[in-house]
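Heads up, the chain below is alone and in the form predicted alone; it's given as structure tokens.
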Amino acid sequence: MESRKQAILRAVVHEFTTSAVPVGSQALQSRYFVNLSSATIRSELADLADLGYLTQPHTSAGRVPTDSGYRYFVDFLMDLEPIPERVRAYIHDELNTAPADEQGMVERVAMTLAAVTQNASVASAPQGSLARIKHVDLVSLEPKEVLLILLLEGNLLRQQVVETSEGATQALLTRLAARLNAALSGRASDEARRRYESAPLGLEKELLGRVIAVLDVYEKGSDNLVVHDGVRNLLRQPEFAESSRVHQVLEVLEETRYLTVLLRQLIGNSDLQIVIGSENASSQLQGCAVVLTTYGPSDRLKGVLGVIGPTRMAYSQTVARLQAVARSASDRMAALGV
């Protein structure tokens, strides 16, 4: 695209994002392009409309960006907006005092993001967080059957009958449980995996394998924790003046299992994903923009953090603040060992 068309498209996006009013040539000339005539600007606007980047609600109205126009802006023209110091301080203060438990942490992250972006926010818990062993018990049932009792931090109890390849007395199982508790109590699942890899073939390795399987199921289940906040912010946007529009977004946000899968599909393998309007696979979100990133205490443990709002979103501001919240949340989780 020619540089002048790019400049005009950028100006239209900025003006419409700010005012929610279709942008005309006179407004563009007075605020951005004093050296261009209104006729020249109108010609460029018409060309951008022919290219599919702008549309005109009706004949006498100004122009508004299409989904393609927003996409071009995001991909080629967007510069991240500097974050004011007061906003940085708010993010730091809110997340630096976030609760240490997973539920409280994720709720605080979602609340902070909604506050600084003035849109709806959504946060999924990092996969595998808080899978820590508190205590292991092994009880002999039959010569080759063992009841595995696993207590996780948070007083979550998991029990499973394990069929072993060799017999074991209760005395042997009690000694084995004592060894496992000495090595694993208070430790995360990574420690159990390391011990399993170094353990010789035998009963201990076999039972450790079942412990890890239980932890895997728990960790995958923790990803179903998804929190949203800030739907009230959408009510301030003219695009959501009709209650049916808000209900459509709420339908997606309240369906936790569906939302978990949707977030994972949207983010894919990216660290940042922006899905605009008709690009959304979910019909309820096709009038919205969804901006997503990942966060978490380590590269292995990642959740998804995102903003949902109208396609007329302040993308430059939203992306910058989303990434700032993700960094602060990740630092807090790493410091807490969440």
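Residue numbers run from 1 along the displayed sequence. In this text, rigid core is short for the largest set of C-alphas that superpose within 1.5 Å between two forms. Treat the numbers as computed from the prediction; the structure is a model and nothing was measured.
Unshown form predicted in complex with a further copy of the same chain; subsequent notes refer to it.
Here is the short version: of Glu81, Glu254, Asp93, Glu204, the single residue with a heavy atom within 4.5 Å of a further copy of the same chain in the predicted complex is Glu254. Checked against a further copy of the same chain in the predicted complex, the candidates Val139, Ala199, Val217, Leu172 yield a single residue with a heavy atom inside 4.5 Å, and that residue is Val139. Remark: all three candidate residues (Gln103, Ile149 and Val231) come within 4.5 Å of a further copy of the same chain in the predicted complex, counting heavy atoms only. Contact check for Glu145: a heavy atom falls within 4.5 Å of a further copy of the same chain in the predicted complex. With a 4.5 Å cutoff on heavy atoms, Asp190 does not count as touching a further copy of the same chain in the predicted complex; it lies far away. Though the partner is left out of this view, Arg236 does reach within 4.5 Å of a further copy of the same chain in the predicted complex, counting heavy atoms only. a further copy of the same chain in the predicted complex is approached by His135, whose closest heavy atom lies within 4.5 angstroms of it. In plain terms, the part of the chain that comes close to a further copy of the same chain in the predicted complex, with a heavy atom within 4.5 Å, is 243-251 out of 208-216, 243-251, 191-199, 72-80. Taking a further copy of the same chain as positioned in the predicted complex, none of the residues of 53-85 brings a heavy atom within 4.5 Å of it. Core-superposed comparison between the shown form and the other one: the CA of Arg179 exceeds or equals a 2 Å shift. With the core held fixed, Val146 shows a CA shift of 2 Å or greater between the shown form and the other one. When two forms of a protein are overlaid on their rigid core, residues whose CA moves 2 Å or more are considered shifted, and Arg71 is not one of them between the shown form and the other one.
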